[in-house]
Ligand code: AMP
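The chain below stands alone, shown as structure tokens; this is the form predicted alone.
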């Protein structure tokens, strides 16, 4: 049994290391220490996650619940906790200071029963399942139990972990490399296993118990979503056709990405963030049951909301459907969804991701009724591509996808095999990490938002600029209400948020800048959409920013 105290020691060590290679070695050593039962848990904990990314479980702990638990544990008033957070700028340090000062009448002595890693996880799991009347108070009591049982040196990381903000610079890249180093297996096989199973813990345990042979056997699992293949901006129709030769052209729908798993009479639908949204989309479930003949399959596509004018409704209307938990039937009448499937990843016990796209398309057409399939045109003629492109825009959609017919399905990868063409300014999906209270007519609302891109190796968020345009007065108030619950610290009119929300931001140009941690800044940024369908891992990386910067030159 490994105690949480050991986890805190490892986190503290990592926090004082700058080099990623040294951090990887420390993480690898920790992975070798823990038991088979603990290994899946610590692979998530070390990245600041509690549950597997494919799970629909959520911690259900926000700053308000956390502050209340610290207040009760320390016997300090809530206002004092909030002040400590503002002073330190770190919820972990503030928690430790509060509980240390509030517990001066208690003694932490040798021989006390220690918290184990599995006990901490079990308590978080219990909290995640709490709903309804009185659930908030029960969540606070469970957190209070953890803090009361923890030693001072554990409290910093326990509080950060509870809101899934560990901040020690360990991302997926380091954990993948640490698994390879810990159990002497190929990094490539570890990465392949993670992409196929979407479960770092399963890959770690497989590497430990079965080595390379076990990793090679890992594959697509029905009812466990895998990361979706992604597209990048294409250079243009002529250039793309010249490079690919023949292209598969599809509309780029103005909708929301879905991954559908069907096994017998059971259908599960997962969002772009790999959240289970099945209960909110009964009409799509019905379409799959009546129009998909395959007994067991995984399908990839886009859900589009069609209005009375037969044109796509606003993206935010689609997200209302995905988030809806009550009055679902009425909402499905107001916002009807149409399914447009364009890929198939698994069919009747066989993974298809290593087949070329043109073969997957044949199997998709055999497995599904044509009425729910996205139209696809195979051509090497730029004029035909241009015609499809104009048809898509005329119908109210975003543009076209140009795909390499020979391409394999690469989960989680963004590359040149899938290209998107849109007639709007370039956009980036960026994480909102901070903001400022507005002035003048924007007083009492958050007037601007600090944006950051992601470093995929360290999981650090690198600021790249602020956005304040593209937001009307109604949105200002709605967004202020949303972000108020995500405030971690406040200094004068400057705010720091939990990095939970993704903004799609258009801009005119990327410039070099010493004002932001990324080394870049956006010229004339404008909010396009608040992408609640995307997770932190879906946000754009610093590499993507650098590629766009080089490309614009």
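On a predicted model such as this, the values are computed, not experimentally measured, just so you know. Positions refer to the first chain, counted from 1.
This protein has a second form, the form predicted together with adenosine monophosphate, left out of what is shown; the following refers to that one.
Remark: residue 401 counts among the residues lining adenosine monophosphate in the predicted bound form, judged by a heavy atom distance of 4.5 Å or less. Contact check for residue 97: no non-hydrogen atom falls within 4.5 Å of adenosine monophosphate in the predicted bound form. Proximity of residue 181 to adenosine monophosphate in the predicted bound form: non-hydrogen atoms within 4.5 Å are absent; the residue sits far from the partner. Contact between residue 86 and adenosine monophosphate in the predicted bound form is not found at the 4.5 Å heavy atom cutoff.
Contact with adenosine monophosphate in the predicted bound form, judged as any non-hydrogen atom within 4.5 angstroms, is confined among 251 to 259, 237 to 245, 451 to 459, 281 to 289 to 251 to 259. Three-residue candidate spot 6, 151 and 160; no residue lies within 4.5 angstroms of adenosine monophosphate in the predicted bound form by any non-hydrogen atom. Residue 420 is the only one of 420, 192, 387, 363 with a heavy atom lying within 4.5 Å of adenosine monophosphate in the predicted bound form. Proximity to adenosine monophosphate in the predicted bound form, defined as a heavy atom within 4.5 Å, singles out one entry of 121, 342, 346, 322, which is 342.
Contact annotation for 269 to 302: residues with any non-hydrogen atom within 4.5 angstroms of adenosine monophosphate in the predicted bound form are 272, 302, listed in sequence order.
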